[in-house]
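Here's a solo chain for you in structure tokens, the form predicted on its own.
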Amino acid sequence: MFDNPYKDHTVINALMRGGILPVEIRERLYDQWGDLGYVACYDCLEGRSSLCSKPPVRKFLSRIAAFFGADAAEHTFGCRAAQFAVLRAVREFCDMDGNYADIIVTDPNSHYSTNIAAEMNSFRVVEFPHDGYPTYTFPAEAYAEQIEKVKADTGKLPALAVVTHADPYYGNIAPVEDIGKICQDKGVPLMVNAAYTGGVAPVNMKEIGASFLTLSAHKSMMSLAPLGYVATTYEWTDRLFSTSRTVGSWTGRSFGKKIPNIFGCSVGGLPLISGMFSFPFVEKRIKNWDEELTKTNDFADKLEDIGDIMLLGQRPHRHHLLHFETPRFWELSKNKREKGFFIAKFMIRNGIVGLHRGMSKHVKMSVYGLTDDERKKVLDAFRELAGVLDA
């Protein structure tokens, strides 16, 4: 047996802050639904969890679609499975149509799972450069240029454009609305990876002009892992969510309710229930996004005031993921026995967890959703850390 040693710590990991379950539902979740793996499937009649009415999964997914400006949505095994579903649907369309190249255009800050999904579906990924240190941003026009380059090189349009709404490295917000207009004008479908935004910031795929939206519930929608969603417009619904057509050669078995692109049937256990319970809290909290950004930028300014610490990425920052360059900590930690591990261990001793162990040149973190007292606790810990390292 083992316990969670960080249960009572303040979490500042940027991957975790948006996924923390509301206190109000934790006891209810485990008391009522934590007894077995397929807990959502007691009353399943259709053989697919997304069609269940008890609990009301089907109705819930309709709410998810409406919330993000989509026409249809399915839950998935995380955002990476959502991306795979999109790339698989686009692969089939590309093979049938013949007018699109086996190429997708992505931003240079894309999550690795985008590239893996492309590789699994035999697409080549092409990128364009960002503007480098210290902002790492790019203009929407880079998509137009790259699309035209693919067309010039192959005689065909790329099969898909992908943009990472908030990137996982610097927390930069991409100009998704302008990119959406470009893709619509060029006739290239657009997938927006909103793993770090959907559920913490307002996101509407119709306003963006996207054909697909991929989401991570355990990163940004107060849910247990693994849980994600893939949402789309009516133009792509039948392709993305087409059901199985296979028939067993000897048994004659068929699986007409299963969706191959999401591996037949998706999560039917506690992660799905957690997402359903948490969704009303998600709907409410995005209204506070501007306030959260103000608090995030204020924290970043105060951390930089310690000295020899600099925020990378956009200014003012437009997302809760913060990436600091910390040469002060790097130089001073060289004299400590734990070297780069000293910073994370120091914070843990002070009741704060989430910094990447072994890193001292750079620090990635988030204070999203923390109270004023909790943010002060984190800031004071960094101030104390600077003093300890100086000693």
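This is a predicted model, so every value here is computed, not measured. Residue numbers here begin at 1 and follow the sequence given.
Quick note: we don't show the form predicted together with another copy of the chain, though the next part is all about it.
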Next item on the list: Verify the contact flag for G69: yes if a non-hydrogen atom of it lies within 4.5 Å of a non-hydrogen atom of another copy of the chain in the predicted complex, no if not.
Entry: no
Note to self: When the contact criterion is heavy atoms within 4.5 Å, does R28 count as touching another copy of the chain in the predicted complex?
What the structure shows: yes
Notebook entry, point to check: Could you tell me if R253 has a non-hydrogen atom within 4.5 Å of another copy of the chain in the predicted complex?
Noted result: yes
Check: Closest heavy atom of A381 to another copy of the chain in the predicted complex, within 4.5 Å or not?
Finding: no
Notebook entry, point to check: So which stretch, 299-307, 264-272, 185-193, 232-240, is the one near another copy of the chain in the predicted complex (non-hydrogen atoms, 4.5 Å)?
Noted result: 264-272
Next item on the list: Enumerate the residues of 64-86 that have a non-hydrogen atom within 4.5 Å of another copy of the chain in the predicted complex, in sequence order, or give none.
Entry: F77, R80, A81, F84
